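Single chain ahead, by itself, as structure tokens, in the form predicted alone.
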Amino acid sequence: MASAVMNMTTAALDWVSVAFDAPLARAVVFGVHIDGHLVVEVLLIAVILFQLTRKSYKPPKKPLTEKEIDDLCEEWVPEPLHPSISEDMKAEPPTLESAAGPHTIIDGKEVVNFASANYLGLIGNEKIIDSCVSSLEKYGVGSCGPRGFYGTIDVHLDCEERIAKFMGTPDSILYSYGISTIFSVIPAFCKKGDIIVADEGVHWGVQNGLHLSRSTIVYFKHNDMKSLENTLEKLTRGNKQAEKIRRYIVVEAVYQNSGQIAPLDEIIQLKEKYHFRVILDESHSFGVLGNSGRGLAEYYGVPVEKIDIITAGMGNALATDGGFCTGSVRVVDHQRLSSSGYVFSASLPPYLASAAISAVNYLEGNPSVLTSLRSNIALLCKGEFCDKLHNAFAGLSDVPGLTIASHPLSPIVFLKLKKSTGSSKGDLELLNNIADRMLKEDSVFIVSTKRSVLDKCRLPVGIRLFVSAGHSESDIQKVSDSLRRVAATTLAEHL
């Protein structure tokens, strides 16, 4: 059919050309011979231009009747505000009925708590509670204003000064919410056109900060310094424009999603070699790593001034809330006008700032708490042989179907499946089953890694145990025995 139409069209054009060729056979204009083909092509171009420039025909609008309007309204179905929620997406986490200390109450029953990042065991500390009570009596509960709009109270300045002194930095700045610290700091310094090289295992708060910065984001393999160096080399080799823009390396000291510790000494070497700046999140290392708990820089013996920006949440080791950023005076002052979490949020409640000061004072005056924490981490991971009882306490080193993936000094003991089911969803079902059974059968509270649809981290999921200096040896043995027993039965078919 199509070929027949084409043949008819060709024949018609040939006839028109012949019809025009006859009278114009000898026509010459400005030395150009005018034939029928040229006339036809000019006419076609004129028709096309006419069609392109004419107004499209719109039939006159006929107003809808009331019945038609009612019918359309009844048929209309609005788009949902959120995607449909499946059964596996519904979660009912346990509700704590007492303080989240080493032991807590869930459903009226006392349980051993390895699900709270109470690293130094300061929840319930009497000195910290007393400081909070005194602050409440003096200042009340909230500040009712951002720091730049009459929300600055003297205890905020005292807390900033205390943290800076403890960390050995010129200045520091307080934020009212822990996770908002890092995703306010990153966009305060990193803008569109800048380059950020980030570890692929960073937690959601860091990811959100990277997104808000609108910078060019390049990820390197998790805690892989060779991958980091190759990434920096590719970005800078022969790229003269890269020398003129701001460049950052963003890492966590202790990774929330794996329990690994970043090799800061190597990162600083690469930073200086390729002329990048370093943003370090110490939420899970502040008050934990180093001889006095000053974090990753102290642990590696790296001068703290070599790290451009340090952030940390205070809801873990310090057992309070809020966060801080510490560094040079210029770094801190820039945030007081440019960091959204500082400028637009009501300031940290005064009693929480008082609690942070008391917690830092406690840590500085009681370094033995760090020894207790590290002993508990080692005991949980490796176990020991007890001569009095004549039996071996194996720890978590050989739990059936699970393997420890975290660093030996990490307060987050991270266990992942030795053999994956092939999907994160399938892995999480197994891990959640283990956690649920341990809580119901043995009164041991642990958690698996739960990630929202917004979290882009692609590291393997696992079970996280948050070790506290407040845990006793019997607590550690109980969680170890329970996990070993439940994992053996739950993963029996999977092994």
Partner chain sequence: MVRLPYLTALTTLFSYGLLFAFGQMRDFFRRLIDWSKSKSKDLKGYAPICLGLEDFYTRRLYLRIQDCFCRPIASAPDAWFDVVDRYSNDNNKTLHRTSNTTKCLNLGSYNYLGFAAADEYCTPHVIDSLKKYSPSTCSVRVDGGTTNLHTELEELVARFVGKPAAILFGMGYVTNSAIIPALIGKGGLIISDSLNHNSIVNGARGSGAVVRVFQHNSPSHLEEVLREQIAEGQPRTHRPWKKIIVIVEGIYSMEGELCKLPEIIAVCKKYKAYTYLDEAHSIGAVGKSGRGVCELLGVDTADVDIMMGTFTKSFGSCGGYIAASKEIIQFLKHTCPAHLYATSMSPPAVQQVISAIKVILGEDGSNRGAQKLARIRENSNFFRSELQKMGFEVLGDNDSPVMPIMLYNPAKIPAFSRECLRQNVAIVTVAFPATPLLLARARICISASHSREDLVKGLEVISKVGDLVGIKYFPAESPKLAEQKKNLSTKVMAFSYFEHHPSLIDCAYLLCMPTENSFLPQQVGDVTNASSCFLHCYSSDDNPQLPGADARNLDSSDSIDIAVLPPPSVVDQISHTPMVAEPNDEKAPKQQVSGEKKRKIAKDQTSFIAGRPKEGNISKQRRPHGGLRESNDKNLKADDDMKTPKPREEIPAGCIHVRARRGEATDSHSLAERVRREKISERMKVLQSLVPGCEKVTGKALMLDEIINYVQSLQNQVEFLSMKLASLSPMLYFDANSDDYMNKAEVG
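Numbering follows the first chain given and starts at 1. The model shown is predicted, which means the values in this text are computed figures rather than measured ones.
Same protein, other form: the form predicted in complex with its partner chain, not shown, and the subject of what follows.
In the predicted bound form, at least one heavy atom of residue 98 sits within 4.5 Å of its partner chain. Mapping the unseen interface onto this chain, residue 54 falls outside it, with no heavy atom inside 4.5 Å of its partner chain in the predicted bound form. Taking non-hydrogen atoms only, residue 321 approaches its partner chain to within 4.5 angstroms in the predicted bound form. Though the partner is left out of this view, residue 238 does not reach within 4.5 Å of its partner chain in the predicted bound form, counting heavy atoms only. Taking a 4.5 Å heavy atom cutoff to its partner chain in the predicted bound form, the contact residue among 424, 227, 340, 403 is 340.
Site annotation in the predicted bound form: the residue of 93, 408, 168, 367 reaching within 4.5 Å of its partner chain with a heavy atom is 93. Checking 290-298, 219-227, 368-376, 79-87 against its partner chain in the predicted bound form, the stretch whose residues place heavy atoms within 4.5 Å of it is 79-87. The three marked residues, 311, 458 and 480, fail to reach its partner chain in the predicted bound form, with no heavy atom of any inside 4.5 Å. Residues 445, 447, 448, 450 are the members of 429-450 with a non-hydrogen atom no more than 4.5 angstroms from its partner chain in the predicted bound form.
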